[in-house]
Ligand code: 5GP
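Presented as structure tokens, the chain that follows is alone, the form predicted alone.
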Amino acid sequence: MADCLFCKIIEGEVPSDKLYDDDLVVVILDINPRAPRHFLVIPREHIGTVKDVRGEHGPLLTRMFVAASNVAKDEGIAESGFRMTFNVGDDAGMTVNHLHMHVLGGRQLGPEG
């Protein structure tokens, strides 16, 4: 999508701090971190929200979770624990309409982060 921030990041049109990059997903640091370690796992394919996920996205979703777990290990938060979450819609705080997973860790998060 031409006006999608995450699509522009994936295409290299907007700079980002990439932690991981492969044929299906990109992992970047969040520019407004809510925890000492906060990164986003973004599929290369533009999928609007979780509501747009279909059965054929199974391998992509698996890759998102594997990338999140591997980067959490690289970032030193795998042992102490981390949170993985998807925001869906305005009330959940979704600000970019491109499916992405937030991964937060590095401190005690509490019930809502």
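The structure displayed is predicted, hence computed values, not measured ones. One-based numbering along the sequence shown.
Omitted from view is the form predicted together with the named molecule, to which the following refers.
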- Query: in the predicted complex, do 29, 94 and 100 all reach within 4.5 Å of the named molecule through at least one heavy atom apiece?
  - Reply: yes
- Message: Counting any heavy atom within 4.5 Å as contact, can you tell me which stretch out of 76-84, 30-38, 62-70, 49-57 lines the named molecule in the predicted complex?
- Response: 30-38
- Contact of residue 5 with the named molecule in the predicted complex (heavy atom, 4.5 Å): yes
- Message: in the predicted complex, does residue 24 come within 4.5 Å of the named molecule, counting heavy atoms only?
- Response: no
- May I ask you to check whether residue 9 falls inside a 4.5 Å heavy atom distance of the named molecule in the predicted complex? yes
